[in-house]
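We begin with a single chain expressed as C-alpha cells, specifically the form predicted on its own.
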C-alpha cells in the first residue's frame, strides 16, 4: 500500500537557486535570502531521513487551460529560462519522472470526472516552479519527480471554484498513491502573498532592498501561518478564497488546497522552517509530517 510521508510548501522564486549558485544554473550571485535558503536546507535534511520513492510537485507555472496535465515520459533534459528573470535563472536540468505514478494519478483523476491529459512531448520544457522547488528540496536530484499542471479555474470561474476543483484533484491523487506501492512527498510550489515589486534593484541580491510589499499582506501571511502552526487546516482552506483575492496570492493555482486535501486535511501542527520576502512577495517554507514520532516543532 502506498503512503504520503510528508507534504511541503516549497516557494519557487528563482532567486533561491540564483543565490545558491548550483553548477546547473548559469548566472552567479553573491548570496542573499539566507533565511529562506537555510530553512530549505533544514527541510532538505529532514527529507533525507525519510524513506520515499518520488516527489509529486503541483506547480503554478505549468499553466494549462484545458484540464490538468501529467508528465508521461521517463526523462526530460533541456534548459529552463525564467521569462521574468532570465538574468537570474537559466538552469540546465536533467529530470527523471515516475511515469507509473504519474499515469496512476492521471487515471484516478479522469475516473473522478476531471479533465486530464498525459504530456508526452519530449521537447516539452519543464517550468521553473517545478525546478526551483525540486532543487531546493533535493539538490542531488536522486529521486524522480511527478509534476502536475495548474488548470486555471481561477481565471475561467472564481477562486471558490478553484478551491473545490483542487480538492477533487487532491482526493483523486490520494486514492492513486494509496493504491500504489509508492511512498511519496507532496510539494505545493508557491509563495503566499504575491504582490511584488515591478522594478528590480541594480544588484538583485542586495538584501537592503528586500521587504514585504505592504503591511496588509504581512498580516494575512501571519494569519495563515499561525493557523498552520495550530493545525487548523480546515480553517485555512475555508479562508483560501478571501486570502487569495486580498493578497493576489499564488494559492490561486490550487496547489496548496490540493496538497491539504490529498493529505486528508491535517489537524496537527505544521513545521515552519522560515518566512522571508522576495521582491515583495511573502514566502514560507513549511512541512506536514503525518508521523508523530518524526514530527518536530521547528519555529
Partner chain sequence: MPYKFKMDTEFAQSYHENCGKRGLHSRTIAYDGFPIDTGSVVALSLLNPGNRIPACIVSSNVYANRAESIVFGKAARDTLEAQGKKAVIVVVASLSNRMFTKHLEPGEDRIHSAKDEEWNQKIMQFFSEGRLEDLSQLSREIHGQIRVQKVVAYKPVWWMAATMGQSNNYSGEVLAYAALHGAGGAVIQLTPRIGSVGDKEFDEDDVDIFTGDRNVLDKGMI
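Fair warning: this is a prediction, and the values are worked out from it, not measured in the lab. Positions refer to the first chain, counted from 1.
There is another form of the same protein, the form predicted together with its partner chain; it is not shown, and what comes next is about it.
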Open item on the list: I'd like to know whether residue 221 contacts its partner chain in the predicted complex, with contact meaning heavy atoms within 4.5 angstroms.
Closed with: no
Open item on the list: Just checking whether residue 116 would be counted as a contact of its partner chain in the predicted complex - the rule being heavy atoms within 4.5 angstroms.
Closed with: yes
Task: Exercise: residue 208 in contact with its partner chain in the predicted complex, heavy atom 4.5 Å - done: no
- [ ] Spell out, yes or no, whether the shortest heavy atom distance between residue 194 and its partner chain in the predicted complex is within 4.5 Å.
- [x] yes
Open item on the list: Considering non-hydrogen atoms and a 4.5 Å limit, which listed residue (103, 171, 90, 229) is close to its partner chain in the predicted complex?
Closed with: 90
TODO: Only one of 160, 200, 107, 96 comes within 4.5 Å of its partner chain in the predicted complex by heavy atoms, so just point that one out.
DONE: 200
- [ ] Pick the stretch from 117 to 125, 139 to 147, 221 to 229, 184 to 192 whose residues have a heavy atom within 4.5 Å of its partner chain in the predicted complex.
- [x] 117 to 125
Task: Sequence-ordered residues of 52 to 68 touching its partner chain in the predicted complex, heavy atom within 4.5 Å - done: 65, 66, 67
